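Okay, here we've got a single chain as structure tokens, the form predicted alone, with questions on binding and movement later.
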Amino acid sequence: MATKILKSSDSAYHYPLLIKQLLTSVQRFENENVIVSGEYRFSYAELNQRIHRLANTLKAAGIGPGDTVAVMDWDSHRYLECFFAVPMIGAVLHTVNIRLSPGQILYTMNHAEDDLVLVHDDFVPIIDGIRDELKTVKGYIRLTDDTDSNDTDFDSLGEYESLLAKADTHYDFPEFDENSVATAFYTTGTTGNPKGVYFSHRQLVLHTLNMVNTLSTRDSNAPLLPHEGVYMPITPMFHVHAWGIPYAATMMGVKQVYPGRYEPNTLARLIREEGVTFSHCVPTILQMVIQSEEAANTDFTGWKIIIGGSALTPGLASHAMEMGIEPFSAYGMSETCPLLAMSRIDRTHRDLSKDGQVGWRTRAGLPSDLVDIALWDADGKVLPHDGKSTGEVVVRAPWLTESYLHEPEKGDELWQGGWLHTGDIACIHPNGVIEIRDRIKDVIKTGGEWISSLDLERLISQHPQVGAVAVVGVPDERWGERPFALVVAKSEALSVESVAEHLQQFVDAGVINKWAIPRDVKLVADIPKTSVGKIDKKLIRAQIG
């Protein structure tokens, strides 16, 4: 029997899911909360007005539907305004990863076919070095944190704040196909040039709605981010739209604090002075904040923070909880917009000791709404969710990138079999909780046994004198591979021998086998990171080699 489809009225309004619709709620919150960014403090009414001014500024610069606007900035009110104004006029927002090498930045800007670049003073030297090789850029707008200074030879259309001040306060934002591309950015792969991922208006609106719901349901005590909360991102806004949370925070009308360049003492001070209640970042940034000098003067009690990008280790989770911080883990990737899953703390978990809660807080958690997650073996066979079977995580959701920009053949690889392949190895427990075991490329094969580098990192991190750790596999003539660990010590009391002794207790308990104890442990001052703060295992392997 066929499904029934009724003809709608010709005069009915067919509501497109466009980013501009996320701002309708701003009218309810106009004077309740503020946006804080450096010396700027303004209401949501002013934010709305500034978005209109920016749209008119872009139009005056010759930007229209289908054009691409690149942004090179720290986390700021300017970036938030670009998140809305650029796609709302029908253009594409390219959030440039300013931590790539100049050559890679040049590649991404040419590949994205950028038309206009909004560039902060700090990144003008990069632009000056590649300007002659940019093929499609027609103009620049200067971004600065020192509006009193005109000491620059940079040839631009003008300074951001000055241009906005001259622009009209109303822009008639058009309606168009909700499947139009809204944003694009580049993810660094293991080989070759960065790959461009892109998202439509429809995908970003659906992701935002789901993010709001997820933030409201993952803590039995209270939402992670209520309307009365104070939000500060500690994730670069060029990285997956700061995980899409600025869109959700704006829709919810919460107070937002944008910290500019990440400096641990500044972040701790802002948490204290602005009353920040919710943030998100990678583990290394959290560690730097809680170890900063300002942390000693800051009460972190009640600060809820989502950790993603890399695994939250038990050691770091315990340390954070001792300081009154409530950490949660989230799971996703650049290609997934990024939300796929998040840990949930219910009333039964609240009754546990802090140590008892750590296991729940460090797992990837439960899938978010509208997310289908499965485990496949190497032959594409679906594996059971029994907490034991491990396989690759494959996903479906309405906000996943459908391909890579200008590289459909790589998109076909990503979507083999009609599911997006994450490259992550995991098990899924009968209660639906996802436990990431490793990246496929990071699993260590030794003597015919598979060892998870993440599992070893979790165990080593529980050593009281270990501040940070990274484990990779290195070639071994006899065993194929053996684990190699880089360890950052909390104090001079840590020795290489004590790390092996610490792991031996887990061998004796049957948690790991004896071959899992790293062949080499190297004490280092820091561990190599990627441009977004993740542990760079590719670089570590290359350095060891």
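Because the structure is predicted, anything quoted here is derived from the model rather than measured. The numbering used is simple: start at 1 and walk along the sequence shown.
If you look for the form predicted in complex with adenosine monophosphate (AMP), you will not find it shown, but the lines that follow are about it.
Three-residue site 122, 234 and 266 fully in contact with adenosine monophosphate (AMP) in the model of the complex at 4.5 Å by heavy atom: No.
Candidate stretches 287-295, 203-211, 89-97, 302-310 - the one whose heavy atoms come within 4.5 Å of adenosine monophosphate (AMP) in the model of the complex: Selected stretch: 302-310.
Residue among 272, 131, 410, 439 with a heavy atom within 4.5 Å of adenosine monophosphate (AMP) in the model of the complex: For this set of options, the contacting one is 439.
The single option of 114, 75, 326, 335 touching adenosine monophosphate (AMP) in the model of the complex, heavy atom within 4.5 Å: Going through each option in turn, the one that passes is 335.
Heavy atom of residue 280 within 4.5 Å of adenosine monophosphate (AMP) in the model of the complex: No, residue 280 is distant from the partner.
4.5 Å heavy atom contact, residue 239 to adenosine monophosphate (AMP) in the model of the complex: Yes, residue 239 sits close enough to adenosine monophosphate (AMP) in the model of the complex that at least one of its heavy atoms falls within 4.5 Å.
Partner contact for residue 252 in the model of the complex: adenosine monophosphate (AMP), 4.5 angstroms, heavy atom: No, residue 252 is distant from the partner.
Contact flag, residue 424 vs adenosine monophosphate (AMP) in the model of the complex, heavy atom cut 4.5 Å: Yes, residue 424 sits close enough to adenosine monophosphate (AMP) in the model of the complex that at least one of its heavy atoms falls within 4.5 Å.
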